[in-house]
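Taking the form predicted on its own, here's one chain by itself in structure tokens.
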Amino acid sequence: MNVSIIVAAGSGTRFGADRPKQFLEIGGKPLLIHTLEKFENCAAIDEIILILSENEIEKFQTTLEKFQISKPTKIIAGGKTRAESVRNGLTSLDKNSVEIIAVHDGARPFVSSEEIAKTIETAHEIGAVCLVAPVFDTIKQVSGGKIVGTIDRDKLRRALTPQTFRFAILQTAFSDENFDAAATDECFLVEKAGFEIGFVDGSAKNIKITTREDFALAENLLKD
């Protein structure tokens, strides 16, 4: 079975709204619903574990029913950090029935179902894979208030989500021995645990909505 853990427990403090950004409407529906629809419509995903803050779980249940999102079989309360939230979702799963885990940010609504399926296919083949996008800006290395070098951007990629793994690999990465609550993505912990990670090229449109400027960009992207 292929399962997605969708992380949407953040408070959205950087966004500066009364409610976390993932619940704000864009194009007539909450941002998080746009994200969930991509996984709902992906035949390669059998089940969704949705991670929310505890005080949003009951309220969002009605929203799922309204927009006919049926794959979330569990809604789990998140932790203090993103990594803790993913760990909560991971520990809720039956290791005997789950083969592949795809972890995705709830605030990335522009991933495609095709990209999701490709990461799952690749994870089946090689064990661990990250969806990535090219870096177009020139990247400078700095030190002591000065630019000290230019990094070859052809060798760089932006890490996107989903980041997708065989269950056993992700379980090892999130074990007490390797876990770091401050980790900002799963690949960091998987690298730390000693596993090699492949990559799948994704679209640069797969942005994470973090600021009001991102939200405005998302509104424009939905019009395209």
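Given the structure is predicted, the values throughout are model-derived calculations rather than measurements. Rigid core here is just the name for the largest C-alpha set that superposes within 1.5 Å across the two forms. One rule holds for the numbers: they count along the sequence shown, beginning at 1.
What comes next is about the form predicted in complex with another copy of the chain, which does not appear here.
The shortest heavy atom separation between R166 and another copy of the chain in the predicted bound form exceeds 4.5 Å.
In the predicted bound form, another copy of the chain lies farther than 4.5 Å from every heavy atom of E25.
Using a 4.5 angstroms limit between non-hydrogen atoms, A159 touches another copy of the chain in the predicted bound form.
Heavy atoms of I100 never reach within 4.5 Å of another copy of the chain in the predicted bound form, leaving it off the interface. Within 4.5 Å of another copy of the chain in the predicted bound form, a heavy atom is found for all three of D154, T184 and F199. Of the residues K95, K74, K80, K140, just one reaches another copy of the chain in the predicted bound form with a heavy atom at 4.5 Å or closer; this is K140. None of E37, D46, E191, E56 but one reaches within 4.5 angstroms of another copy of the chain in the predicted bound form through a heavy atom, and that residue is E191. For N96, a C-alpha deviation below 2 angstroms is recorded between the shown form and the other one after rigid-core alignment.
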